[in-house]
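As a starting point, one isolated chain is supplied in structure tokens, in the form predicted alone.
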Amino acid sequence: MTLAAQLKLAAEQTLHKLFPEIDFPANIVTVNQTKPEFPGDYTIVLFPFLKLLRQKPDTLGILIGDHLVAHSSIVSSYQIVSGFLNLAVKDSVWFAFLQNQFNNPHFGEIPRQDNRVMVEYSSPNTNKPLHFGHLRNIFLGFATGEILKATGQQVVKANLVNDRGIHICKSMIAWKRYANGATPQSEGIKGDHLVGDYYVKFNDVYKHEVAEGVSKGMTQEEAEKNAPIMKEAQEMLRQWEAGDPETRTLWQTMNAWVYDGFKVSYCRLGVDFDKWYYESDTYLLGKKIVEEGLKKEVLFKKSDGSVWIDLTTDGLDEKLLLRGDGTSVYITQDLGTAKLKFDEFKLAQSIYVIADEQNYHMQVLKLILKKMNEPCADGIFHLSYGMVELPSGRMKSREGTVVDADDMMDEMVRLAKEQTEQAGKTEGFTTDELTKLYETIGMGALKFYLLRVDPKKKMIFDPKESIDLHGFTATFIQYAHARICSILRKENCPLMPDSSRFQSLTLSQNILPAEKKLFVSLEQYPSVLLTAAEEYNPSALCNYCFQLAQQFNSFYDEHSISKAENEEKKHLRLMLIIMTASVLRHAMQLCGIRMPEKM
């Protein structure tokens, strides 16, 4: 139980003791961290009690404060400030906490529970490489899964690969027309990049053919519908769904090129998946659900044979579920996948990490499954996030203006190298160590910058700002960690020492203000971690780590360790910074960010 929770319980017991005749509402006591400008560690808000108890704030504060000091094993003193009761925690409590937890690598974690949760993220198309727009999705999904695991959930990290459909056929048609048998090996590029080039080629040719049709007197709509390359792609989709051997062979070949490319990118990104789903396997399940919906009269057919659902009475719209030619649309396979996931894993919750552009789609998906009485519907949760733009604006892959994820990773590592060399921080490293360091700094900067903003908010990614050593960045936090490691090396103290090293330490001196701030922040880590899990919000961890790194820097600027006042203070401060480094590593690791021991 955290100190805040212990104080809340103690305050509730105090109220019942002082006012036994009052039936207090549940959760009437609120305990917050005391604001920095006031003395104390935790604050109880008095205002909710005033009307109920007919007491003035100061009078009530004195009653509660005196009782807590006299009867609680936690509170040493108190002050009343404008209706707030500020409590100071006994130094002995902080010291006991540090002794128990300073070398606990699992501090903040919750034992495993029975809930099984799936987090689906990445979900790439096999007609192009991963691009920069995918990265917020990937990092958010990975971090959310790791945070949920740390807080006791049984997590299945899943990737649904969109490996079929008209967009895939566009790349295939363009390759057939223009590639002359080119392969990743013959061209010397990753397979996902090769296939993506032909997706761009398709759209270039399509635009040209549409313009040509308009010049011959067609309307824009007619020209788009009758462009020869688009008709070829649509016919290829029909052949694919009919199982045409030649079409399927080309599809398998080109998809294999893309998977090889994805594998390299995922490895460098440091993300993994427990389960892979493929739209080519699940779209038929979706078609089966559509057939059942027609039988139940939840769905209806139009005169052209297309299948729809009418959601107008739910404040939405009519939604196409199957085209007139019998081919699937995107939501068709989503219906099948949702059911497959639930049947396979009996999920308590199925979390979809998908951009907020798909809010309507996800609302419709859940509503259709509810109307179909599918048990998977209740557990669907859309982790919606805002899109990411670069300073130059939004990216559009079909126009070839997209920034590839691979290129962005290279750029971040280049910036890390440039910054380190300019700062003259390369001395004492081997070439291999520097290569690893640049990768650690560059990738850490990329991940942290995309995770530090609340997922619901849109954001602009600035590569140079993301790696600023003095900014709200992973680089700042990594440097604080490396600084701690340097101190420990000088003191011949390992990062995770045996608890017996400080077993004989006693506390005979007061804990100083800068030391206390570290104590308070460290003790609150489990609460921050739980909040990040409950809100599916890794930015809570990013903000916490940045503040903790700031507090360490302030502490170290004020208090020496090697020249501490005495051995007791030296050992206390060593324990504090050991735990600070441990918590920083734990939290950043959940975000997929490595922490260097030298910078």
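Model, not experiment: these values are computed from the prediction. Residue numbers here begin at 1 and follow the sequence given. Superpose the two forms; the largest set of C-alphas matching within 1.5 Å is the rigid core.
Here the subject shifts to the form predicted together with the RNA, a form of this protein not shown in this document.
In the model of the complex, the RNA lies farther than 4.5 Å from every heavy atom of Asp462.
Heavy atoms of Asp274 never reach within 4.5 Å of the RNA in the model of the complex, leaving it off the interface. Among residues of the shown chain, His470 is one whose heavy atoms approach the RNA to within 4.5 Å in the model of the complex. Using a 4.5 Å cutoff between non-hydrogen atoms, Glu221 does not count as a contact of the RNA in the model of the complex.
None of 336-344, 482-490, 265-273, 499-507 except one has non-hydrogen atoms within 4.5 angstroms of the RNA in the model of the complex; the exception is 482-490. Across the proposed site, Asn162, His167 and Thr420 without exception bring a heavy atom within 4.5 Å of the RNA in the model of the complex. Of the residues given (Glu427, Asp432, Asp304, Glu246), Asp304 alone sits with a heavy atom within 4.5 Å of the RNA in the model of the complex. When the RNA is considered in the model of the complex, only one residue from Gln234, Asn203, Asn86, Ser123 comes within 4.5 Å through any heavy atom, namely Asn86. With contact defined as any non-hydrogen atom lying within 4.5 angstroms of the RNA in the model of the complex, the contacting residues in 450-465 are Arg452, Val453, Asp454, Lys456, Lys457, Lys458, Met459, given in sequence order. Superposition of the core reveals a Cα shift of less than 2 Å for Lys149 between the shown form and the other one. After superposition on the rigid core, the Cα atom of Val520 is displaced by less than 2 Å between the shown form and the other one. Superposition on the rigid core between the shown form and the other one places the CA atom of Ile74 less than 2 Å from its counterpart.
Annotation for the pair Ala480/Glu465: C-alpha atoms recede from each other in the model of the complex, by 3 Å or more compared with this form. In the model of the complex, the Cα atoms of Ser466 and Asn543 sit 3 Å or more farther from each other than they do here.
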